[in-house]
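Shown next as structure tokens: one chain only, the form predicted alone.
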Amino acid sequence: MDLGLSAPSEIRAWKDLALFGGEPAFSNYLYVNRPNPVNRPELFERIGQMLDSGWLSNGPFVLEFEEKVAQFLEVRHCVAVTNATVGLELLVRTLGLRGEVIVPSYTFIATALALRWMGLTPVFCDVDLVTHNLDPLDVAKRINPSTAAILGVHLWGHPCDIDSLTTLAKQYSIPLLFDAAHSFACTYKGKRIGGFGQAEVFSFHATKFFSTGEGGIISTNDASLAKELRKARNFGMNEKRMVLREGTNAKMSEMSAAMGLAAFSSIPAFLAQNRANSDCYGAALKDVAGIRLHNCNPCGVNNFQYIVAELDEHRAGIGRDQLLRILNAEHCMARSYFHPGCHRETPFENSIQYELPNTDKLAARVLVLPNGMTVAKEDIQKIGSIIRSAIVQAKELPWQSLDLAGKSL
């Protein structure tokens, strides 16, 4: 595949940038993640089978999907659910956790809200500046008699320091769980993410690189836990429809499972495109002052779903939010992740117990760029040109004139 990696990003005069009077670089909006295509003939065939059978729920496609995912992840059991957030809630409820759960603040708010919704207290922990994942040394400081579990997040598809967290969990005899929403098809030391800790939860949301439209799965090697999760997701019922425990309705639909099954054959293409896009971004942004692409998975393979950039404002001469504003004006809808950090969001802002300096730093300087099957090499080169042009001419950009015109930053 010709990526055009040797072609440098052109410099556009700042007056040609859309925010300062030029035409947007993209006629259509380019988003961080859009749904990847699935095998339509297979999907439509399965939908036809589903409609003919009359099984729209509790049918054969979910069972087939669970078996296929378990085989792919190299785990014994997978329990399909409506979405990853409900999966986390179902997991902690089924485990009977009470008290505090150590969790990173630098993650999507759903991770923390799932704990709070189940009556648990999230104890926010700082992350490592290099990996963006839980700092095991900071985790150790937070463990106390009220600690019910450690919940790690494999952010951006980069695995946590699983070995260190496993050692801590064993030392204090507490469960170790993982939010693996970003990490389908990723590995750690030659092993697929999915079989670590007591259980891991994946997201198959519409914008994930592998999607069921909406959905998630809980993976585990614990047969007893899997059995209880299956009851809990279906009103506490067993196979004979006897209610044996408390439960809820967290079942994946047959439609979602059909879409997931139809997407499996495309996984190699998704991975190849994401990797090619990552390489293209690397070339487009090479030697641009103050911007660094995050690619830290020395222990395994990444799915490259997220193109994560860190902006050093002092070196670049421009702030992250200013650069986002420039990109958005060009119809490149890059986003700040995860700002301002869970511990500073409204539901948790009154429970800040300590400073999380690394989380605050990352929340202020990370931006995520468009990626996926709908993003072409030419799109990436344009994005590189916009970023390079903004940084090279940072001192010349007339921010004050925009603000005086009543346009807010």
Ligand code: T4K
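These figures come from a predicted structure and were not determined experimentally. Numbering starts at 1 and runs along the sequence shown.
One more form of this protein exists, namely the form predicted in complex with this ligand; it is left out here, but the text below deals with it.
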Non-hydrogen atom contact residue 110 with this ligand in the predicted bound form at 4.5 angstroms: yes
Contact label in the predicted bound form: residue 168 to this ligand, heavy atom within 4.5 Å: no
Close approach of residue 207 to this ligand in the predicted bound form, 4.5 Å, heavy atom: yes
4.5 Å heavy atom contact, residue 286 to this ligand in the predicted bound form: no
Stretch in contact, per heavy atom within 4.5 angstroms of this ligand in the predicted bound form, of 121-129, 208-216, 272-280, 252-260: 208-216
Heavy atom within 4.5 Å of this ligand in the predicted bound form - residue from 294, 230, 192, 182: 182
Answer option from 347, 60, 35, 340, heavy atom within 4.5 Å of this ligand in the predicted bound form: 35
Residues of stretch 58-87 in contact with this ligand in the predicted bound form (4.5 Å, non-hydrogen atom): 83, 84, 85
